[in-house]
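First comes one chain, alone, set out as structure tokens in the form predicted alone.
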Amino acid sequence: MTVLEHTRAPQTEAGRRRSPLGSRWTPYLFLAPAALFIAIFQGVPLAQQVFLSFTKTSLLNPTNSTWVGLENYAHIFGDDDFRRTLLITLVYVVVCVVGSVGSGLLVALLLNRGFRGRGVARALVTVPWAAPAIAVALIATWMLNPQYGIVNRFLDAVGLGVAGGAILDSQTYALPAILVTTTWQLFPLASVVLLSALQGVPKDLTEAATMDGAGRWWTFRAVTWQVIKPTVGLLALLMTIWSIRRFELIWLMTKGGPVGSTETLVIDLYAQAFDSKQLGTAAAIGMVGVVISLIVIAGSRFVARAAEKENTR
């Protein structure tokens, strides 16, 4: 018995050494296709955009580029309209993230409670997210139509009507209308994700907090929030990046107007590239968006690590 064990052990170890799945390079082997895909279809276009942002290139003759260094960046940051575009983008991102995540959390808390028809309600709440953005934009535009839109008729009925009913043609009301539409489309995703996180909250902890005399608010703050906080942070990060790059809904509803009151970075990028025919300037605007996204990601990682260190103390 001992002799057999002694003779089999080296064969087993040799077999493990020959197996490619036991190598330390195995994880990299599985990651290689995805890394190659990202390098080709994301890395190469990004490198081209970086180069293009330092050149003066026209859409009418894209092969003829003139190196201008930081001239495109100096031009856009010296433009008052671009600084206004940055401000509008900031307002759009903050309101979309806070509105969608906040309303999604409220809906998730309601759907997490037991009531008759809860399954149907959970299914219906996903409808806005499942609808294509183009369809959402067209329906919202029809609802806001100054002649036959249901929104204007309702506002007129309650005495809050806009003069002429031209909500999307108003510098004051166009951006709020887009923000409401965007939040309506995004909150179902937040509610579904947060509902999943709420179902992972240990019931024994909430029951213990209730037995200790904690009310609903303190139970949510001390127990529920601590469990779902990482999910909320990740969701807010994704919503921020998506809001920075959102194009189709804004373009279809207002095309950045009126008078640039709803013009975000991506709308300005499109206008520079295809209206003004300045690819170099458009690439510089795109790089500003990339840098902002990287700053947001780095900031979220810093906050997450600080929170982890605080929890471990």
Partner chain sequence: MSRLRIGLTLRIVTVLFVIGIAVFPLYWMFVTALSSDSDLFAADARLFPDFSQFTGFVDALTGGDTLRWLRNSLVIAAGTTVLSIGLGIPLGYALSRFSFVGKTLMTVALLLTQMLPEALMVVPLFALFNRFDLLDSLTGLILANSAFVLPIVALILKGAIDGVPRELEEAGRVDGARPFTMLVRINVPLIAPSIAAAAVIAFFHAWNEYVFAVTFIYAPQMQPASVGIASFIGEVGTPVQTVMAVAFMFTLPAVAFYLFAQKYVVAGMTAGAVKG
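So that the term is clear: the rigid core is the largest set of C-alpha atoms that superpose within 1.5 Å between two forms. Computed from a prediction, not measured in an experiment: that's the story for all the values here. Residue numbers count along the first chain shown, from 1.
Keep in mind that the form predicted in complex with its partner chain is not shown, yet the notes after this line are about it.
Okay, which stretch from 141-149, 218-226, 170-178, 86-94 lines its partner chain in the model of the complex, with non-hydrogen atoms inside 4.5 Å? Answer to the contact question: 141-149.
Look up in the model of the complex whether residue 290 has a non-hydrogen atom within 4.5 angstroms of its partner chain, and give yes or no. Because a heavy atom of residue 290 falls inside 4.5 Å of its partner chain in the model of the complex, the answer is yes.
With a 4.5 Å heavy atom cut-off, would you call residue 203 a contact of its partner chain in the model of the complex? No, no contact at 4.5 Å.
Quick check on residue 303: any heavy atom within 4.5 Å of its partner chain in the model of the complex? So residue 303 does not count as contacting its partner chain.
Applying a 4.5 Å heavy atom distance criterion, does residue 67 contact its partner chain in the model of the complex? Contact with its partner chain, no.
Answer with one of 214, 236, 192, 166: the residue that has a non-hydrogen atom within 4.5 Å of its partner chain in the model of the complex. The residue in contact is 192.
Suppose contact means any heavy atom within 4.5 Å; which members of 119-142 contact its partner chain in the model of the complex? Heavy-atom contacts within 4.5 Å come from 121, 122, 123, 124, 125, 126, 127, 128, 129, 130, 131, 132, 134, 135, 137, 138, 139, 141, 142.
Relative to the superposed rigid core, does the CA atom of residue 41 travel 2 Å or more between the shown form and the other one? After core superposition, the displacement of the residue 41 C-alpha between the shown form and the other one reaches the 2 Å mark, so yes.
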